[in-house]
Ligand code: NAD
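Read the single chain below, which is given as structure tokens and is the form predicted on its own.
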């Protein structure tokens, strides 16, 4: 079949296997060109590993640090003549390329929130890895079933305390719009915390510790985002921000639990990039379009793999703030960058969208998430789907 992009709102419901494979290869080639990372972790577990920062973490760990890796994700395989999800193709390609160079590369496709997948992962570690010396938590999901209560929680993207009004862009019509989002209820705030807070990260560490599969000096890192003031009502001060507050409490608990192993737990606040998760957040696609234009002009722009190479090459030690968080967003948050973002934000309209922002670059990055618009791929070629 010929696979074309079919976009519905903030998601593309098709994915191109060869485009995804080539996209992974480009990330691998970037990492190889940067050179090997000395003293990098050698047995790495990535929870949420099929797209975005999680996928880039596996690429950097393997091809930058020479690590054997396990990736946990929940993706749709090919079925009934329909393409798989992009994350499925990404993970398959990474396993292929990693094994070809002699690395152990294993993937588990299932619900990372479940104790069943945690147990399966532990058995795989015992069988092929013995001990894990790095655990990356990069899970992004709209819902979570609590393994203790059996209750399913759904996260929401809402402000807290007041209705939010602000600018966003409709990525289908290229219209800059004013939107209004009602304040979250207490139940919605709590549900978002249950899904996107640190509860599951801590449960993973508890079970890995109990199974004695964490190595001495183990590092664990969860990814987060803060962003500028223009995004705060819907992000840092909204339901997601409340969940991130819980994540910061969880990291302290995990640090205490890893003391006997001389291990460390940290949160990395990363730069704004185009991911499936970020594309769903109101305001963020428009902010990214403006930000990318400015950062590219200044030679500061980074995508997921560039950020993750910087993280691993620094041995998880770059620019810690007063809360002990790693600040990979330091270039995004530079005063000159944010000053120019605000100047554009105040005057951006549908009519000047492409002139004042890098909306085309944003769209290209979005399509690449699903394997489209990748150089060297023949999109007119018939693709065999199971």
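Positions refer to the first chain, counted from 1. Every value quoted in this text rests on a predicted model; they were computed, and no experiment measured them.
Just so it is clear, the following notes concern the form predicted together with ligand NAD, a form of the same protein that is not shown.
The single contact residue among 316, 201, 103, 74, judged by any heavy atom lying within 4.5 Å of ligand NAD in the predicted bound form, is 74. 112 is the sole member of 258, 160, 112, 208 with a non-hydrogen atom lying within 4.5 angstroms of ligand NAD in the predicted bound form. Looking at residue 276, you'd find a heavy atom of it within 4.5 angstroms of ligand NAD in the predicted bound form. Within 4.5 Å of some heavy atom of ligand NAD in the predicted bound form lies at least one heavy atom of residue 244. Put simply, residue 220 is far from ligand NAD in the predicted bound form: not one heavy atom of it is within 4.5 Å. Although the partner is absent here, residue 50 is a contact residue: one of its heavy atoms lies within 4.5 angstroms of ligand NAD in the predicted bound form. In summary, the region of this chain contacting ligand NAD in the predicted bound form, judged by heavy atoms within 4.5 Å and restricted to 211-219, 161-169, 181-189, 138-146, corresponds to 138-146.
Counting a residue when any of its non-hydrogen atoms is within 4.5 Å of ligand NAD in the predicted bound form, the hits in 205-242 run 223, 224, 225, 235.
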